[in-house]
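Just one chain follows, in the form predicted alone, and it is written as structure tokens.
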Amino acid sequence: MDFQPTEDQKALREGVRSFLEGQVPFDRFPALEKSKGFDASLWGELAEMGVFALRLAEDEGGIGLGFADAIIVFAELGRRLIPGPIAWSHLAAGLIDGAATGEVVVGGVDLIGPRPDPIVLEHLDSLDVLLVLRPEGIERVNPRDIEATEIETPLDSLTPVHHALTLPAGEMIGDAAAAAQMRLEGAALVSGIQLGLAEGALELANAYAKERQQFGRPIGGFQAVKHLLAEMFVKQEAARAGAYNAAATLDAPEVANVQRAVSSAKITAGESAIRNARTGIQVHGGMGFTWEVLAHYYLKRAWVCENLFGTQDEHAEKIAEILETLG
């Protein structure tokens, strides 16, 4: 299986990267924080770029691409720390009218795995539809019907959260198989975001190491810092291999076990995102722990992504179950 991007995929990556860097410069983050991580104009621009309709069939108004292309796009979204329920709205394209065009903002909560107590809802105030994944199927819930308490200081300032003890009954719009498939695809998309976080953290640390002077020369010239950056690069490439493998296997499920590929990606990319974000803070030294340095955004977003569509521990258990069946 060839994991090298095609020329079209490279052009897709460069186009998305150029767009995001132009529309979401890092100095825009304070404004995004004030808007609680959701900007309607940015959401519309993402929709126009085809982020939500990327895998929707062309005869349904989509672009008709595959998971291999989606992972490349989601890596760029993670690299630029783009906030919002992007993965959920992408998954909802074709299922919820208006999701593909960005007219309807779709979020979700995963209750297939260990049930959280309380239930954590991200971006609740910005949602038009909430999808609830349950073992028995996919449920559509009106966010306005939910009684929840907003957390005043969320972990990630660009990911506002509410706590709810219970959820109201909604409309069942998908069966158990559809819910399991959405969870699987969601885990793959998040592994793409985590790959982007690992990349972004390394780029930030590498740039700082080249410009920060100590003892008359850049700190990137010191062996200890070189080792840190080299380790970050290895983690980044491990995340890339896992995420690309998951995407390619979803596109061609006959070649390998899809669950194993996706779970492996979620574990590898998740660990790489957290490790690179932490190491990036270390490379920045004392400045790395301050609010003014972007490094903390990568670590906080990596922690948020860890809990989406299954944690590393949950996916490790799935792999163990698969291996056990193989004898």
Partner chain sequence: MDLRYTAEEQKFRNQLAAWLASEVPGYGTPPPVDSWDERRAYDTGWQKKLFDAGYAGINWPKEYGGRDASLVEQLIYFEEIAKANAPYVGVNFVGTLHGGPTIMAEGTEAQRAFHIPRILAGEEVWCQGFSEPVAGSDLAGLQTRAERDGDDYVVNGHKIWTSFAQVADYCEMLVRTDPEAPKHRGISWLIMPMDLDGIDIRPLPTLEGEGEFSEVFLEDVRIPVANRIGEENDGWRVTNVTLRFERGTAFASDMIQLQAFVQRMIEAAKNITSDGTTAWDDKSLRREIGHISGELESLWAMVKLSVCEAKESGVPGVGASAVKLYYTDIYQRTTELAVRLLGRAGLSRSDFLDLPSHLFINRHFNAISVSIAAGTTQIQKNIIGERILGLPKELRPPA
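This one's a predicted model, so the numbers in the text were calculated from it and none came from an experiment. Residue numbers count along the first chain shown, from 1.
What follows is about the form predicted together with its partner chain, which we do not show.
*Asks:* Based on heavy atom distances of 4.5 Å or less, which listed stretch (185 to 193, 85 to 93, 132 to 140, 212 to 220) is in contact with its partner chain in the predicted bound form?
*Replies:* Among the listed stretches, the partner-contacting one is 212 to 220.
*Asks:* Suppose contact means a heavy atom within 4.5 Å; in the predicted bound form, does that hold for all of P5, E271 and Q312 with its partner chain?
*Replies:* Yes: each residue has a heavy atom within 4.5 Å of the partner.
*Asks:* Check A201 for me: does it contact its partner chain in the predicted bound form (non-hydrogen atoms, 4.5 angstroms)?
*Replies:* A201: no, not in contact with its partner chain in the predicted bound form.
*Asks:* Would D117 sit within 4.5 Å of its partner chain in the predicted bound form, counting heavy atoms only?
*Replies:* Contact with its partner chain, no.
*Asks:* Check I281 for me: does it contact its partner chain in the predicted bound form (non-hydrogen atoms, 4.5 angstroms)?
*Replies:* Output for I281 is no: heavy atoms all beyond 4.5 Å of its partner chain.
*Asks:* Although the partner isn't part of this model, could you tell me whether I151 comes within 4.5 Å of its partner chain in the predicted bound form, counting any heavy atom of the residue?
*Replies:* Looking in the predicted bound form, residue contacts with its partner chain do not include I151, since no heavy atom lies within 4.5 Å.
*Asks:* Tell me, out of V293, M49, L42, A68, which residue has a non-hydrogen atom within 4.5 angstroms of its partner chain in the predicted bound form.
*Replies:* Contact check passes for A68.
*Asks:* Just one of V161, A241, A180, V104 has a heavy atom within 4.5 angstroms of its partner chain in the predicted bound form, so which one?
*Replies:* In short, A241.
*Asks:* Using the arrangement in the predicted bound form, list in sequence order the residues of 261 to 289 with any heavy atom within 4.5 angstroms of its partner chain.
*Replies:* Stretch hits, in order: A261, S264, I267, T268, E271.
*Asks:* What direction does the R115-I319 Cα distance move in the predicted bound form compared with the shown chain, closer or farther, given a change of 3 Å or more?
*Replies:* Those two alpha carbons end up closer in the predicted bound form.
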